[in-house]
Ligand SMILES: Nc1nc2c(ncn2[C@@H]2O[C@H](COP(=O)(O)OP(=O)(O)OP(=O)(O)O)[C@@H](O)[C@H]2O)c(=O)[nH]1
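Given next, in C-alpha coordinates, is a single chain: the form predicted on its own.
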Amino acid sequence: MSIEERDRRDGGGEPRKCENGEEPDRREEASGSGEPDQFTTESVTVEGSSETDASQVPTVPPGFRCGFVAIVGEPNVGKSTLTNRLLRERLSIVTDKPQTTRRKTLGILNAEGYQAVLLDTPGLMAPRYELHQAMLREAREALVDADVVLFLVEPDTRVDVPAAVRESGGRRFLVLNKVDLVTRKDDLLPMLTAWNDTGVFEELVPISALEGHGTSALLDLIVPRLPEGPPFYPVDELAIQPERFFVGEIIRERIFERFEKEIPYATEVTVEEFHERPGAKDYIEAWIHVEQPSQKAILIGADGAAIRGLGEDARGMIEEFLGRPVYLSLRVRVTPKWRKRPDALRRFGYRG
(Lines give C-alpha, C1' and ligand atoms only; values in the text may rest on other atoms or scores of the structure.)
Protein backbone atom coordinates (compact mmCIF):
# COMPACT_ATOMS: atom_id res chain seq x y z
CA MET A 1 0.00 0.00 0.00
CA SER A 2 1.41 3.41 -0.91
CA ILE A 3 1.97 6.18 1.61
CA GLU A 4 -0.76 8.21 -0.08
CA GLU A 5 -3.21 5.32 0.39
CA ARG A 6 -2.22 5.17 4.05
CA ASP A 7 -3.07 8.85 4.42
CA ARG A 8 -6.53 8.34 2.96
CA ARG A 9 -7.27 5.16 4.86
CA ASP A 10 -6.40 5.87 8.46
CA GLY A 11 -4.17 8.93 8.76
CA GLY A 12 -1.26 7.07 10.28
CA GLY A 13 0.31 4.48 8.03
CA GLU A 14 -0.24 0.77 7.76
CA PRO A 15 0.55 -0.94 11.08
CA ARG A 16 3.71 -2.94 11.34
CA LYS A 17 3.98 -6.18 13.21
CA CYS A 18 5.43 -5.97 16.71
CA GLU A 19 8.10 -8.36 17.90
CA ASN A 20 5.41 -10.63 19.37
CA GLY A 21 3.62 -10.86 16.00
CA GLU A 22 0.72 -8.65 17.06
CA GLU A 23 -0.29 -5.41 15.45
CA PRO A 24 0.43 -2.28 17.51
CA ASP A 25 -2.39 -0.50 19.31
CA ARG A 26 -3.96 1.93 16.82
CA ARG A 27 -4.07 4.53 19.58
CA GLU A 28 -0.28 4.73 19.34
CA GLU A 29 -0.57 6.89 16.23
CA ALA A 30 -0.59 10.64 15.91
CA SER A 31 -0.42 12.54 12.68
CA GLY A 32 0.94 15.97 11.95
CA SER A 33 1.87 18.30 9.24
CA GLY A 34 4.97 20.17 8.80
CA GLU A 35 8.60 21.18 9.13
CA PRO A 36 12.24 21.13 8.11
CA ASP A 37 13.76 18.95 5.60
CA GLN A 38 16.55 16.50 6.07
CA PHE A 39 19.96 16.77 4.52
CA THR A 40 20.02 14.13 1.80
CA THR A 41 23.06 12.50 0.23
CA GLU A 42 22.83 11.60 -3.44
CA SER A 43 25.25 9.82 -5.73
CA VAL A 44 26.08 11.90 -8.77
CA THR A 45 27.94 10.65 -11.83
CA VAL A 46 29.58 13.24 -14.06
CA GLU A 47 30.94 12.24 -17.43
CA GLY A 48 34.20 13.63 -18.67
CA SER A 49 37.44 14.54 -16.95
CA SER A 50 37.83 13.53 -13.30
CA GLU A 51 40.35 16.29 -12.67
CA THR A 52 39.28 19.20 -10.49
CA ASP A 53 38.91 22.51 -12.25
CA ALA A 54 41.15 24.87 -10.31
CA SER A 55 38.84 27.76 -11.14
CA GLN A 56 36.05 26.04 -9.17
CA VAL A 57 38.06 25.62 -5.97
CA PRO A 58 37.08 28.43 -3.57
CA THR A 59 39.96 30.66 -2.62
CA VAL A 60 40.75 31.08 1.06
CA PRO A 61 41.83 34.57 2.09
CA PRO A 62 45.14 34.88 3.92
CA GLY A 63 44.76 34.49 7.65
CA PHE A 64 41.50 32.52 7.44
CA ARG A 65 40.95 30.47 10.60
CA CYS A 66 39.07 27.23 11.14
CA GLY A 67 38.85 24.89 14.11
CA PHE A 68 36.75 22.84 16.51
CA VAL A 69 35.28 24.36 19.67
CA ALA A 70 34.09 21.84 22.28
CA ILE A 71 31.42 23.08 24.68
CA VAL A 72 31.52 20.85 27.77
CA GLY A 73 30.35 20.86 31.36
CA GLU A 74 28.01 19.19 33.79
CA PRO A 75 24.36 18.57 32.81
CA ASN A 76 22.06 21.58 32.60
CA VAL A 77 24.74 24.30 32.72
CA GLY A 78 23.61 25.83 29.42
CA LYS A 79 25.79 24.17 26.78
CA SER A 80 23.03 23.86 24.20
CA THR A 81 21.77 27.37 24.93
CA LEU A 82 25.26 28.74 24.31
CA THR A 83 25.59 26.71 21.09
CA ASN A 84 22.34 28.16 19.77
CA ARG A 85 23.31 31.68 20.86
CA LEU A 86 26.65 31.57 19.03
CA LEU A 87 25.08 30.05 15.91
CA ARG A 88 22.15 32.49 16.02
CA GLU A 89 20.02 29.47 15.16
CA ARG A 90 18.06 26.99 17.26
CA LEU A 91 20.03 23.88 16.37
CA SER A 92 20.43 22.02 19.69
CA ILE A 93 17.37 21.03 21.69
CA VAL A 94 16.97 22.85 25.01
CA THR A 95 14.86 22.02 28.07
CA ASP A 96 15.06 22.86 31.75
CA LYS A 97 15.74 19.19 32.59
CA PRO A 98 19.29 17.83 32.89
CA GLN A 99 20.71 15.25 30.48
CA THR A 100 18.64 16.48 27.55
CA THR A 101 21.60 16.28 25.15
CA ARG A 102 22.62 12.68 24.49
CA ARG A 103 24.73 12.95 21.37
CA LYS A 104 27.41 15.32 20.18
CA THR A 105 25.78 17.91 17.91
CA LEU A 106 27.97 19.71 15.40
CA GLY A 107 27.04 23.28 14.43
CA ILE A 108 29.00 25.32 11.88
CA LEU A 109 29.49 29.02 12.56
CA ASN A 110 30.58 30.74 9.36
CA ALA A 111 31.71 34.35 9.31
CA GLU A 112 34.10 36.56 7.39
CA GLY A 113 37.59 35.29 8.05
CA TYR A 114 36.77 32.15 10.05
CA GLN A 115 34.75 28.98 10.48
CA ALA A 116 34.16 27.75 14.04
CA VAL A 117 32.83 24.21 14.30
CA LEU A 118 30.89 24.06 17.57
CA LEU A 119 30.56 20.71 19.35
CA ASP A 120 27.62 20.67 21.75
CA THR A 121 28.13 17.70 24.07
CA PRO A 122 26.30 15.59 26.66
CA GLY A 123 26.93 16.55 30.28
CA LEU A 124 29.95 15.28 32.18
CA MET A 125 28.56 13.11 34.98
CA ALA A 126 28.98 9.90 36.96
CA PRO A 127 27.45 7.21 34.72
CA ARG A 128 24.60 5.01 35.99
CA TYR A 129 23.67 3.19 32.79
CA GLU A 130 25.29 2.04 29.58
CA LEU A 131 23.51 5.03 28.01
CA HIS A 132 25.46 7.39 30.28
CA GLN A 133 28.71 5.66 29.29
CA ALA A 134 27.86 6.26 25.63
CA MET A 135 27.07 9.91 26.37
CA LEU A 136 30.40 10.36 28.17
CA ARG A 137 32.24 8.89 25.19
CA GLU A 138 30.61 11.52 22.98
CA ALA A 139 31.83 14.31 25.27
CA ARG A 140 35.35 12.92 25.55
CA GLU A 141 35.65 12.53 21.79
CA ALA A 142 34.78 16.20 21.42
CA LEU A 143 37.58 17.11 23.82
CA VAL A 144 40.08 15.11 21.78
CA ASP A 145 39.10 16.91 18.57
CA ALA A 146 38.92 20.41 20.03
CA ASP A 147 41.21 23.33 19.28
CA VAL A 148 39.37 25.38 21.92
CA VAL A 149 37.60 23.95 24.97
CA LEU A 150 34.83 25.91 26.66
CA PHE A 151 34.23 24.48 30.14
CA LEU A 152 30.87 25.83 31.30
CA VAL A 153 30.04 26.18 34.97
CA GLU A 154 27.34 27.90 37.01
CA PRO A 155 28.04 30.51 39.70
CA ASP A 156 27.47 28.03 42.54
CA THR A 157 29.52 25.20 40.98
CA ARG A 158 32.18 23.69 43.22
CA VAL A 159 35.66 24.43 41.88
CA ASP A 160 36.75 21.12 40.40
CA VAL A 161 38.17 20.59 36.91
CA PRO A 162 37.46 17.11 35.43
CA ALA A 163 40.49 15.13 34.31
CA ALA A 164 39.14 15.00 30.76
CA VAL A 165 39.22 18.81 30.62
CA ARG A 166 42.65 19.07 32.25
CA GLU A 167 44.10 16.56 29.78
CA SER A 168 42.52 18.05 26.67
CA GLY A 169 44.93 19.47 24.14
CA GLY A 170 42.88 22.52 23.19
CA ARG A 171 43.09 26.07 24.50
CA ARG A 172 40.94 25.98 27.64
CA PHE A 173 38.45 28.66 28.66
CA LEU A 174 36.44 28.77 31.86
CA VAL A 175 32.99 30.10 30.95
CA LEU A 176 30.97 31.20 33.96
CA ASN A 177 27.40 31.01 32.70
CA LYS A 178 24.11 32.30 34.16
CA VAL A 179 25.69 35.41 35.67
CA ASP A 180 22.31 37.11 35.22
CA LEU A 181 21.22 35.11 38.28
CA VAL A 182 23.93 36.66 40.48
CA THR A 183 22.32 39.54 42.38
CA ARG A 184 25.58 41.09 43.66
CA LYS A 185 28.04 41.49 40.81
CA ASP A 186 30.85 41.94 43.34
CA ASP A 187 30.48 38.22 44.03
CA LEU A 188 31.70 37.34 40.53
CA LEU A 189 35.34 38.31 41.16
CA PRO A 190 36.00 35.75 43.92
CA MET A 191 34.32 33.07 41.81
CA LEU A 192 36.54 33.80 38.83
CA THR A 193 39.60 34.06 41.06
CA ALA A 194 38.97 30.59 42.49
CA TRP A 195 38.77 29.09 39.00
CA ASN A 196 41.85 31.03 37.89
CA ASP A 197 43.82 29.57 40.79
CA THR A 198 43.45 26.09 39.28
CA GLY A 199 46.00 27.14 36.65
CA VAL A 200 44.08 25.28 33.92
CA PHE A 201 42.45 28.11 31.98
CA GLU A 202 43.93 30.86 29.86
CA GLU A 203 40.67 32.83 29.74
CA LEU A 204 37.86 33.27 32.26
CA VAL A 205 34.69 34.68 30.73
CA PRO A 206 31.45 35.52 32.58
CA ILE A 207 28.37 35.25 30.33
CA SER A 208 24.65 34.72 30.22
CA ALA A 209 23.95 32.43 27.27
CA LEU A 210 20.22 32.88 27.77
CA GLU A 211 20.33 36.68 27.73
CA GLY A 212 23.30 36.95 25.36
CA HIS A 213 25.46 38.94 27.77
CA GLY A 214 29.18 38.42 27.15
CA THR A 215 28.78 35.96 24.27
CA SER A 216 30.16 38.36 21.64
CA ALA A 217 33.21 38.97 23.82
CA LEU A 218 33.61 35.21 24.22
CA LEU A 219 33.56 34.73 20.45
CA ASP A 220 36.14 37.49 20.04
CA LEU A 221 38.45 35.49 22.31
CA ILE A 222 37.80 32.17 20.55
CA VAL A 223 38.52 33.20 16.95
CA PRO A 224 42.21 34.19 17.39
CA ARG A 225 42.82 30.77 19.02
CA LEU A 226 41.57 28.85 15.98
CA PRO A 227 44.32 27.50 13.70
CA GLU A 228 44.86 29.13 10.33
CA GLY A 229 43.59 27.04 7.47
CA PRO A 230 40.73 26.50 5.00
CA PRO A 231 37.17 25.72 6.16
CA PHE A 232 36.38 22.09 6.93
CA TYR A 233 32.80 22.34 5.66
CA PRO A 234 30.98 24.32 2.95
CA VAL A 235 30.47 27.87 4.17
CA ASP A 236 26.72 27.76 3.51
CA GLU A 237 26.09 24.80 5.83
CA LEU A 238 24.87 25.01 9.43
CA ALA A 239 25.19 21.34 10.38
CA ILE A 240 26.31 17.99 9.00
CA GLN A 241 23.73 15.75 10.65
CA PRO A 242 20.84 14.66 8.42
CA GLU A 243 17.46 16.24 8.87
CA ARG A 244 16.01 13.04 10.29
CA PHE A 245 18.45 13.41 13.22
CA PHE A 246 17.01 16.81 14.08
CA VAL A 247 13.45 15.57 13.60
CA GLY A 248 14.11 12.86 16.19
CA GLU A 249 15.68 15.39 18.52
CA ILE A 250 12.67 17.72 18.23
CA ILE A 251 10.29 14.89 19.13
CA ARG A 252 12.48 13.98 22.09
CA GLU A 253 12.60 17.61 23.22
CA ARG A 254 8.80 17.80 23.21
CA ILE A 255 8.68 14.62 25.33
CA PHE A 256 11.01 16.28 27.85
CA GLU A 257 8.76 19.34 27.94
CA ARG A 258 5.40 17.57 28.12
CA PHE A 259 6.10 14.65 30.48
CA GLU A 260 7.47 14.45 34.00
CA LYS A 261 9.57 12.24 36.27
CA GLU A 262 11.22 9.24 34.60
CA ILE A 263 9.29 9.29 31.32
CA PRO A 264 11.67 11.60 29.35
CA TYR A 265 14.77 9.70 30.49
CA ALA A 266 13.28 6.31 29.62
CA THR A 267 12.43 7.31 26.04
CA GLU A 268 14.42 7.16 22.83
CA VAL A 269 13.19 8.23 19.40
CA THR A 270 14.03 6.59 16.09
CA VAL A 271 12.86 8.00 12.77
CA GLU A 272 11.93 4.91 10.77
CA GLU A 273 10.70 6.60 7.58
CA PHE A 274 11.34 10.04 6.09
CA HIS A 275 10.02 10.64 2.58
CA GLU A 276 10.07 13.96 0.77
CA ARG A 277 7.03 14.18 -1.52
CA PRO A 278 6.97 17.03 -4.05
CA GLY A 279 3.54 18.59 -4.11
CA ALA A 280 2.49 16.82 -0.91
CA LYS A 281 3.43 16.75 2.76
CA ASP A 282 6.65 14.96 3.68
CA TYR A 283 5.89 11.63 5.35
CA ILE A 284 7.64 10.95 8.67
CA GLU A 285 7.14 7.89 10.83
CA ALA A 286 8.88 7.86 14.22
CA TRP A 287 8.96 5.27 16.97
CA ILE A 288 9.15 6.28 20.63
CA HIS A 289 10.85 3.53 22.62
CA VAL A 290 10.15 3.14 26.35
CA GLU A 291 11.26 0.56 28.89
CA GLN A 292 7.98 -0.44 30.56
CA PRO A 293 4.33 -0.93 29.54
CA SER A 294 3.27 1.62 32.17
CA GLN A 295 5.42 4.26 30.45
CA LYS A 296 3.82 3.40 27.13
CA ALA A 297 0.37 3.88 28.66
CA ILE A 298 1.33 7.34 29.97
CA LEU A 299 2.71 8.42 26.59
CA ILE A 300 -0.43 7.30 24.79
CA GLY A 301 -2.84 8.67 27.40
CA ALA A 302 -6.59 8.17 27.75
CA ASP A 303 -8.10 7.50 24.31
CA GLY A 304 -4.75 8.49 22.73
CA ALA A 305 -5.00 12.12 23.89
CA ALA A 306 -1.39 12.40 25.10
CA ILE A 307 0.20 11.00 21.94
CA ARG A 308 -2.02 13.18 19.74
CA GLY A 309 -1.03 16.29 21.69
CA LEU A 310 2.64 15.34 21.46
CA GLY A 311 2.29 14.75 17.71
CA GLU A 312 0.65 18.12 17.11
CA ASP A 313 3.28 19.90 19.21
CA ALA A 314 6.22 18.15 17.55
CA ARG A 315 4.77 18.51 14.07
CA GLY A 316 4.53 22.28 14.41
CA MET A 317 8.16 22.59 15.49
CA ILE A 318 9.33 20.19 12.78
CA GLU A 319 7.51 22.23 10.14
CA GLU A 320 9.09 25.42 11.44
CA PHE A 321 12.53 23.82 11.35
CA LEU A 322 12.16 22.24 7.88
CA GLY A 323 10.17 25.06 6.35
CA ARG A 324 7.52 22.82 4.77
CA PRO A 325 4.48 20.79 5.84
CA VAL A 326 4.87 17.22 7.07
CA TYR A 327 2.64 14.29 7.90
CA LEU A 328 3.88 12.88 11.21
CA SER A 329 3.03 9.41 12.49
CA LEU A 330 4.12 8.54 16.03
CA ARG A 331 4.12 5.04 17.49
CA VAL A 332 5.18 3.76 20.91
CA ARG A 333 6.83 0.45 21.62
CA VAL A 334 8.36 -1.18 24.69
CA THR A 335 12.08 -1.98 24.42
CA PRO A 336 12.87 -3.38 27.89
CA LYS A 337 15.90 -1.97 29.73
CA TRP A 338 17.24 -0.31 26.56
CA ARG A 339 19.36 2.14 28.59
CA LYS A 340 21.34 -0.75 30.04
CA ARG A 341 21.64 -2.86 26.88
CA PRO A 342 24.62 -2.31 24.55
CA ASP A 343 22.79 -4.07 21.71
CA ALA A 344 19.82 -1.70 21.97
CA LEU A 345 22.09 1.34 22.19
CA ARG A 346 23.95 0.28 19.05
CA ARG A 347 20.64 -0.15 17.27
CA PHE A 348 19.70 3.39 18.31
CA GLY A 349 22.95 4.77 16.88
CA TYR A 350 25.13 5.08 19.98
CA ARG A 351 28.68 3.96 19.48
CA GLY A 352 30.22 1.37 21.76
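Since this is a predicted model, take the numbers as computed values, not measurements. One rule holds for the numbers: they count along the sequence shown, beginning at 1.
What follows is about the form predicted in complex with the named molecule, which we do not show.
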{"property": "Contact test, all of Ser80, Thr100 and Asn177, partner the named molecule in the predicted complex, heavy atom 4.5 Å", "result": "yes"}
{"property": "Segment assignment from 185-193, 223-231, 140-148, 80-88: heavy atom within 4.5 Å of the named molecule in the predicted complex", "result": "80-88"}
{"property": "Proximity to the named molecule in the predicted complex, single hit among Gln115, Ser208, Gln241, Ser168 (heavy atom within 4.5 Å)", "result": "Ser208"}
{"property": "Answer option from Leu219, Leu109, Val94, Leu106, heavy atom within 4.5 Å of the named molecule in the predicted complex", "result": "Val94"}
{"property": "Contact flag, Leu204 vs the named molecule in the predicted complex, heavy atom cut 4.5 Å", "result": "no"}
{"property": "The named molecule contact at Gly123 in the predicted complex, heavy atom, 4.5 Å", "result": "yes"}
{"property": "Contact label in the predicted complex: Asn76 to the named molecule, heavy atom within 4.5 Å", "result": "yes"}
{"property": "4.5 Å heavy atom contact, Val161 and the named molecule in the predicted complex", "result": "no"}
